[in-house]
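One chain is shown next in structure tokens, namely the form predicted on its own.
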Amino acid sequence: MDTCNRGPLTGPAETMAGAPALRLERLSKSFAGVPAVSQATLEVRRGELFSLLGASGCGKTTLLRLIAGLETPDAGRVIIDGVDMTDRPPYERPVNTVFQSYALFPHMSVAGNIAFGLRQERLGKAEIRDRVRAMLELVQMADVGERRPHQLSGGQRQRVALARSLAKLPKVLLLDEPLAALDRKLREQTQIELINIQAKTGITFILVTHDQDEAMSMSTRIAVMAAARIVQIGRPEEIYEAPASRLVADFVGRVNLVDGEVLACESGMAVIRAADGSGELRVRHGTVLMPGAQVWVAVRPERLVIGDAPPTDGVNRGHGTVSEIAYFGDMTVYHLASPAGRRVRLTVANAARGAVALPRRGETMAYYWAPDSGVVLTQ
């Protein structure tokens, strides 16, 4: 029996000395019988900027609250720096949290907000003063220590909240949608600042976000969540280039999905008959496949090439009527209606505009893609 055995994209193994910064073991939490987190298991390495990515209601914030000790799990364990913290209250855990609302004290100055937790720990005045100064310099706000929160911009308030959380030198910093209230340009600037601050401090960051671009651009690794479960963990390029399922492929970035049946798998090449009658597809990037298996082929829009396929290929090609054109500045997305009724997305980098004549709405566009540009999904 023919099989096609080629696993998902992987890189060199990454190892860190000692225990991971965080380990979750089969962690579960339900509210009124409805699972919010189900059997969550993962390890976060020391010094990582790790993201929990998913749509609203998938359970990522509940998982963050379980790590912080703000919720009690129904089952499972939370282990931080090698110590079981499952039954420890929040104030005994070496973590701190930056909330979406920032939760700054309006009656305190910037310096006072940063110093608050240090005073609670009864540190000496000189040590508090030095720590506050260091945090203000770290977030590039050394000249605004005496201002009140209402005198700051949204981005500045976010940095104060970050400085306050970092001041206690936590082993793990939890960030719950910290950039959601910022406009796009400021959010992009703050993302870079967060990456630089994390690199300077070496503290493990765990970021909760529903913004796939944010997770992809900032993270060393990502855990994608859906319906209370972690459905895939990997580096950004792994999540994007080798999604584990249709759900992940569709959630992270844009994708064209074609369902079909495996006809053969030889020499690392899967031959798949498209269910919509559009022809055979050949995919070199697959997993273990058996003839007759029902699968889906995922192809990213930027992998489609405008024009007729080279004569020697004759596969993985199609055409459709341009139904919509969306201009995004750096790229243009074409929506095509195929003869089989399927909707196809095709992306053109605007730097290449003028190299080929692009059709207008209502006209026909031909396209093709290389066998190693697709991914075979079995679930």
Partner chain sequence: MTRRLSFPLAAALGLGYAFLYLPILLLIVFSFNESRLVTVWTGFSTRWYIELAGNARILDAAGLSLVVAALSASIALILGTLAAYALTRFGRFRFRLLFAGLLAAPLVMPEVITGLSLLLLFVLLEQAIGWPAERGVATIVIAHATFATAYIAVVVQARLAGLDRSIEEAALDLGARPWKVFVWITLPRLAPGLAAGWLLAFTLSLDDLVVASFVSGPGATTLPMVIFSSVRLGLSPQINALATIVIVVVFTAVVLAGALLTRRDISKI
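Basically, rigid core = biggest C-alpha set you can superpose within 1.5 Å across the two forms. Numbering follows the first chain given and starts at 1. Everything numeric here is computed off the predicted structure, so don't read it as measured data.
Missing here is the form predicted in complex with the partner chain; even so, the following discussion is about that form.
- Think of it this way: in the predicted complex, the partner chain has a heavy atom of just one of G268, G155, G117, G279 within 4.5 Å, and the residue is G117.
- For the options G145, P291, G253, P90, the one in contact with the partner chain in the predicted complex, meaning a heavy atom within 4.5 Å, is P90.
- The partner chain is not shown here, and in the predicted complex it never comes within 4.5 Å of any heavy atom of R159.
- Taking non-hydrogen atoms only, F99 approaches the partner chain to within 4.5 angstroms in the predicted complex.
- When the partner chain is considered in the predicted complex, H107 lines it closely, a heavy atom lying within 4.5 Å.
- The closest heavy atom approach of K171 to the partner chain in the predicted complex falls outside 4.5 Å.
- Each of R65, A68 and V95 is positioned with at least one heavy atom within 4.5 Å of the partner chain in the predicted complex.
- Stretch 145 to 153 is the contacting one of 255 to 263, 145 to 153, 293 to 301, 233 to 241, since its residues have non-hydrogen atoms within 4.5 Å of the partner chain in the predicted complex.
- Relative to the superposed rigid core, the position of the CA of H107 differs between the shown form and the other one by 2 Å or more.
- Superposed on the core, the two forms differ at E121: its CA moves 2 Å or more between the shown form and the other one.
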